[in-house]
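Encoded as structure tokens, the following chain is the form predicted on its own, with no partner shown.
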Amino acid sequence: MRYAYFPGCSLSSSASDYDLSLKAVCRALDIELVEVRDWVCCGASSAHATSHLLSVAMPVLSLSHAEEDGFDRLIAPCLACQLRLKAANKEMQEDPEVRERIHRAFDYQYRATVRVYHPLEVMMEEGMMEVIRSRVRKKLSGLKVACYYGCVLTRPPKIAQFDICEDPQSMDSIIRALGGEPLDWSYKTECCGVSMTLTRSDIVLKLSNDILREAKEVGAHAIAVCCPLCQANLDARQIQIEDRYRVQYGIPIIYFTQLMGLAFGAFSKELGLEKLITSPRGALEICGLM
């Protein structure tokens, strides 16, 4: 399978471990990723807070490059990016006025034929779960995982069109296929406050603490994530949170692709595990992966 790949700003910098692990997993699953030619920032959230037209134009520019190069399927691992790209597609398909203004701005007439996927959507394609199971070399036996989807993957439903909005199961299914134990918990789609990271850190700390507290209460050894923004809040701020609320969590925030890569037999350096601030060693020793 061949997909256009939109890494976005995060996976090209602060979330390079997500990028590394996703590419390692895709190689193991015979999925070819081709980076979108001359891609630009998706505009989240500066563009749609500034100009509606700009918020559509920025994703469309990257989508048009993929379409022009012959792709009809594109993977965007960042939740913010995939939402902006999906929203732009919907606008181009349903709003003639926006479509006309965009076409006037660009030389290429984007036809909105490129379907946007989050990696989890690709993993849920027919037959993929069997392939995932066949690639497992080291099971996650005994590892209790709280799968955290964030507030954007399945919302708004008319744009996301993926999984169960309030109780998604895709990541849970993958963890189960890897031999781990996905936990039933009530915070899997709660917001971590990422949009207020710079403006209201007090709210971010409170929201992220709620998520970490709930994960600890259900007995999670680790939290699996599918978004670089969620990962940064829960991992990089964990020491701040522990200090503010006088608690001790020490829960590693691991990309689901890193867990997949480990189960497939990849080395930790291939997956960027050394970038995690909260050490995953204790959790991964439970299933003999470190």
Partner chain sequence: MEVKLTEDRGRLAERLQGITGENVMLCYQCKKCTLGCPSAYAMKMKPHELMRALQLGLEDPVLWSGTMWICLSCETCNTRCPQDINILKLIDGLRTYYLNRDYYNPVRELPMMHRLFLKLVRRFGRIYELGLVFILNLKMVDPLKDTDMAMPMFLRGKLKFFPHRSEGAKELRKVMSRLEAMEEER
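No experiment lies behind these values; they were computed from the predicted model shown. Positions refer to the first chain, counted from 1.
Note that the form predicted in complex with its partner chain isn't included here; everything after this is about it.
Contact with its partner chain in the model of the complex, judged as any non-hydrogen atom within 4.5 angstroms, is confined among 74-82, 96-104, 173-181, 110-118 to 96-104. Taking L33, I251, M58, A28 one by one, only a single residue has any non-hydrogen atom within 4.5 Å of its partner chain in the model of the complex, and it is M58. Remark: L276 counts among the residues lining its partner chain in the model of the complex, judged by a heavy atom distance of 4.5 Å or less.
Looking at Q231, you'd find a heavy atom of it within 4.5 angstroms of its partner chain in the model of the complex. Put simply, S12 is close to its partner chain in the model of the complex: some heavy atom of it is within 4.5 Å. At the 4.5 Å threshold, heavy atoms of K158 reach its partner chain in the model of the complex. In the model of the complex, the residues of 186-211 lying within 4.5 Å of its partner chain by at least one heavy atom are, in order, C191, G193, S195, M196, T197, L198, T199, R200, S201, D202, I203, K206, L207.
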